[in-house]
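The chain that follows stands alone, in the form predicted on its own, written as structure tokens.
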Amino acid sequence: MKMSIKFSLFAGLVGLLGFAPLVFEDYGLGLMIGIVSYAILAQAWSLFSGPTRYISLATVAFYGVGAYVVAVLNEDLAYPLILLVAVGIGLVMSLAVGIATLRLAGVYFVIFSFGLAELVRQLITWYEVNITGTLGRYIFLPFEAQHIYWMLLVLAAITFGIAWWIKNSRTGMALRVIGEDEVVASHVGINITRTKLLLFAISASIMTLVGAIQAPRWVYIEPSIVFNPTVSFLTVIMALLGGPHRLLGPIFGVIPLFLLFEWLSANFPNHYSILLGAVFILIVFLLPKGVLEFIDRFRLGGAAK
């Protein structure tokens, strides 16, 4: 299919999704906001973790920081400036973390990324309790659900465009070589640290922006809400289900798992995390390369018969 046709179809789909607030009631629009949010997070996670195979559980660290930046500045700055500040803080934070940790690999990086989210949560909690004398903050911004949805939809389109550009660029090729074998990547002249740091920073900045855009929806936030580790685990599971190596993979993983999460949390509020863990184990064992890879293998197997 020609690139111009693909672009037209993509633009048409985004335009069609833009009418969702005119079709859905409050609950349906809430589901759409959740799906688009996780689609962005999963796509951003796959930008870095897909080709490099670094499993990061730090998603909620950046997401929560974005939300807290809005909570702190919402009475002092215009909203567009707050978003710029949030992206700037996410970028600086990701560069600092990346320089310190991207030499780690395997389980060590997983443990560090999980610890980072908890560290940020504890630091903000300590600051709020001991310095400001309060734990939560209120957000007074004149945004309704449809405004947040449209902002997230624009960010989703931009994130998808970035993912497509990286996949078809020299940087994307370098990342895939790094993911296969860092020794080989080093021997062919790829600057491993710079390449990984660049993608980690882009990925983290997008995650920060998602938290900043979603923050007005809560009205009141505190660390236990915006630094909930479930956000990180769901993002990883969704990306793995769809296939983190495919451009559309994260999107295919988000829709069924987000709806399943909503159903489980509504019908099994005390046990949904256990059931979600079981789903994660099943996905790792049955679909290690994602559902799109499984469909392709099934089609090729059927064609070979």
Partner chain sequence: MLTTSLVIGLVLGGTYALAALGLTMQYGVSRIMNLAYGEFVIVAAFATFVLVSTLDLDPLLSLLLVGPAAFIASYVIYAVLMAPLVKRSQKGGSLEIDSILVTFGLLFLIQGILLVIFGADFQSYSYLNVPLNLFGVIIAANQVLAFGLAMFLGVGLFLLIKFTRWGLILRAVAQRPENAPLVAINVDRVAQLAFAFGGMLAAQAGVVISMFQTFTATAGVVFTMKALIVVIMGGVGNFLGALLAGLILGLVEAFVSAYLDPGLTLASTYLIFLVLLLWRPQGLFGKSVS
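Just so we're clear, the structure is a prediction, and the values are computed from it rather than from any experiment. Numbering follows the first chain given and starts at 1.
This next part talks about the form predicted in complex with its partner chain, which is not shown.
The three marked residues, 168, 247 and 258, fail to reach its partner chain in the predicted complex, with no heavy atom of any inside 4.5 Å. 233 is the sole member of 233, 150, 160, 218 with a non-hydrogen atom lying within 4.5 angstroms of its partner chain in the predicted complex. A heavy atom within 4.5 Å of its partner chain in the predicted complex is found for one listed residue only; from 35, 264, 55, 29, this is 55.
Exactly one of the stretches 137 to 145, 199 to 207, 177 to 185, 112 to 120 approaches its partner chain in the predicted complex with heavy atoms within 4.5 Å, and it is 112 to 120.
Within this chain, residue 19 is remote from the site of its partner chain in the predicted complex, having no heavy atom within 4.5 Å. Its partner chain in the predicted complex is not approached by residue 132, whose heavy atoms all lie more than 4.5 angstroms from it. Using a 4.5 Å cutoff between non-hydrogen atoms, residue 101 counts as a contact of its partner chain in the predicted complex. The closest heavy atom approach of residue 240 to its partner chain in the predicted complex falls within 4.5 Å.
Although its partner chain is not shown here, in the predicted complex the stretch 245 to 283 places heavy atoms of 270, 271, 273, 274, 276, 277, 278, 280, 281 within 4.5 Å of it, in sequence order.
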